[in-house]
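Okay, so here's just one chain, in structure tokens, the form predicted on its own.
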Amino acid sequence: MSYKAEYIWIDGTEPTHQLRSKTKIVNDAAEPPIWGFDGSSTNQATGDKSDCVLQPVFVCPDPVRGGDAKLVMCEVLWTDMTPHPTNTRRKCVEMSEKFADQEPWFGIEQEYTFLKDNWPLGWPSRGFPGPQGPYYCGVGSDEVYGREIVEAHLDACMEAGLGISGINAEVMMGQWEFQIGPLSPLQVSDQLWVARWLLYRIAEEFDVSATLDPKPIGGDWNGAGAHTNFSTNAMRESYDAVIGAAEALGTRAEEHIKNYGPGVERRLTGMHETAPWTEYTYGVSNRGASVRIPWQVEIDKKGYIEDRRPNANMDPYVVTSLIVETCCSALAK
């Protein structure tokens, strides 16, 4: 029997790429085949050479449609089957294969903000709520807004078989977080993109949008990040390797910052649990550092680090590739 396959891909919109998707009816139990799209409508081609190719790379059940329907995450290729310039996944494949012996794992904390009529959900119309403080991990209809959407998204991610590991309300009213991992670089990146698509799609049902803007409201309000937790087999056995990874990130700090999401300087101000984007620091239990070493890691003398610099709107293929290349190269010496 035929089934619906929702093909999902990353477009060429600047400065922040967006997700696009469309539906294909696939016959019987066949695997989703290569497909195509109009790249001139997604900022990925010109009108005279508009065809681009969708190459399926990750397939999972579609919890929105249910039944036999599938979600199909794709890479974008040119018609000669070479990677499109917007295809950042190929570098992630390269780094994953090169350092596979170190078994890199990632857990990504995706923060986001719900908007209603282009204003944070739960906020007075064009006004402001009480100061931050009670909203983080809060409970009660006076402190938390959008929980029904968050729970529906959590259920959908679980039904899709994604490696979602938790949710929580965040520091700013209307802001939430979900976590994906621990998984390999490719797995966490593919699944984070699918989880983002599910978030947008499910929020549609509630007439609400979700934004990954790193600083949706200026002033004394927290921004939105994608804190990226990382470890290798050596780090999971040795505290020296943990310190080595943290120090390695400092050697390429400027390059990382440039690739950690558009608008990173608006969020990394040195306030609101961030380090200044112009500086690199690491420390134990320090949420004001660029990289935090959890207190339990220091006690256990092994574990992982948390890179707190990536924006909510970062590309996980890019961020995981950079961290793997930087840390694994240093740890291999």
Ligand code: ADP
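Note that the structure is predicted; figures quoted are calculated from it, not measured. So that there is no doubt, residue numbering starts at 1 and follows the sequence shown.
A second form of this protein, the form predicted in complex with the ligand, is not displayed here; the remarks below concern that form.
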Is residue 180 part of the interface with the ligand in the predicted bound form - any heavy atom within 4.5 Å?
yes
Is there a heavy atom of residue 230 lying 4.5 Å or less from a heavy atom of the ligand in the predicted bound form?
yes
Look up in the predicted bound form whether residue 292 has a non-hydrogen atom within 4.5 angstroms of the ligand, and give yes or no.
yes
Does residue 213 reach the ligand in the predicted bound form if we count a contact as any heavy atom within 4.5 Å?
no
For the ligand, considered in the predicted bound form: do all three of 165, 236 and 304 come within 4.5 Å of it, counting heavy atoms only?
yes
Quick one: of 114, 105, 135, 193, which gets a non-hydrogen atom within 4.5 angstroms of the ligand in the predicted bound form?
105
Pick from 65, 266, 272, 287: which residue has any heavy atom within 4.5 angstroms of the ligand in the predicted bound form?
287
Partner-proximal stretch of 246-254, 94-102, 145-153, 172-180 relative to the ligand in the predicted bound form, 4.5 angstroms, heavy atom
172-180
Sequence-ordered list of residues in 115-148 near the ligand in the predicted bound form, where near means a heavy atom within 4.5 Å
none
